[in-house]
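Starting off, we have a lone chain in the form predicted alone, written out as structure tokens.
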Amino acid sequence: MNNDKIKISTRNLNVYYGAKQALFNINLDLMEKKVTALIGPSGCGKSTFIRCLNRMNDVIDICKVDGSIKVDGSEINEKNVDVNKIRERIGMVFQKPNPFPKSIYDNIAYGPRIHGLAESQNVLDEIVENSLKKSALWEEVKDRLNQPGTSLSGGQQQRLCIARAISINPEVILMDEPCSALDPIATAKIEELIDELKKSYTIVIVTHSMSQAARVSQNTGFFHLGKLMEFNLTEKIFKNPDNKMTQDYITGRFG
């Protein structure tokens, strides 16, 4: 595409749930410190794809993944790879905000504690504050860090989950429809936040909103029935796609 550095590349990636194949030969390069949007109808493999990138599919017994996934040139699907290390580097934010049933502070402090990133209380306080600042939530919650994370509004909870993801200093953040449960104002805040976060992180976002993909991403991939139909610069995908099916999906003719 241009001189951007490739952060993650997948080659001939296939995923099976039992006998059913969910992804077919996905070849995709995700660029460092860019936002890549994945669009396409429900059930076409977008979420399955991003769950391969931090080996979340490992937790599904009937799921089998084959093909290559490299992060910074190193294969992550080898048997001897430490999955916890991968998940440290590649954080995830889900569709529904899912704060832990703990205080706002402990939601953020949990990861750094279990990964041994804070040698003192002061360092931990700093990580919590920085993570909340980076997720544009600090000003709203700094006086109530001991209140439960679940006491926040939906949009705040989602920003809390983003703060939690970045508290262990990942390199990549995967977002699976992070705004689908949020109102337009909360969505706009998350989109602003994504724009800010891409300066420090590689971001992959699955979204059903065409306008969101167009607003927040630099590159877009269109999935259909488990195949990657087209991948290009977002502007090209939305203005002049190569594939008629991409065009039909974007203009609302199907999906």
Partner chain sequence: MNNIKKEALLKKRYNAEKRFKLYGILSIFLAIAFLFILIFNIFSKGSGAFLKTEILLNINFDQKKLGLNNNSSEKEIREASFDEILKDALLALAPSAPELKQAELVDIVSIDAELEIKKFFLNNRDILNKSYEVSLTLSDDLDQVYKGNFPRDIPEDRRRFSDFQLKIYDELVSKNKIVSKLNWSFLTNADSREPELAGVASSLVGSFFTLFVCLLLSFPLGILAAIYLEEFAPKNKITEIIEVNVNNLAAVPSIVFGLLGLGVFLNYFYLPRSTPLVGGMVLALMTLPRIIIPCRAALKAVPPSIREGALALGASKVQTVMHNVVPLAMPGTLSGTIIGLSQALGETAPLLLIGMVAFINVVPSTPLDPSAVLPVQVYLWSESAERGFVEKTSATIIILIFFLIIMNSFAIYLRNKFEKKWS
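Numbering follows the first chain given and starts at 1. Predicted model, so just to flag it, every value in this text is computed and none were measured.
We do not show the form predicted together with the partner chain, though everything after this point is about it.
Asks: How about residue 117: is it within 4.5 Å of the partner chain in the predicted complex, going by heavy atoms?
Replies: Answer yes; at least one heavy atom of residue 117 falls within 4.5 Å of the partner chain in the predicted complex.
Asks: Is residue 75 close to the partner chain in the predicted complex, meaning a heavy atom pair under 4.5 Å apart or at it?
Replies: Taking the distances in the predicted complex, the answer for residue 75 is no, it never comes within 4.5 Å of the partner chain.
Asks: Even though the partner isn't displayed, in the predicted complex is residue 146 close enough to the partner chain, meaning a heavy atom within 4.5 Å?
Replies: Answer no; every heavy atom of residue 146 is more than 4.5 Å from the partner chain in the predicted complex.
Asks: In the predicted complex, is there a heavy atom of the partner chain that lies within 4.5 Å of any heavy atom of residue 88, even though the partner is absent here?
Replies: Answer yes; at least one heavy atom of residue 88 falls within 4.5 Å of the partner chain in the predicted complex.
Asks: Using a 4.5 Å heavy atom cut-off, indicate which stretch of 137-145, 117-125, 178-186, 67-75 touches the partner chain in the predicted complex.
Replies: One stretch meets the cut-off, namely 117-125.
Asks: Would you give me the residues of 55-86 that have any heavy atom within 4.5 Å of the partner chain in the predicted complex, in order from first to last?
Replies: Counting only heavy atoms within 4.5 Å of the partner chain in the predicted complex, the contacting residues of 55-86 are 82, 84, 85.
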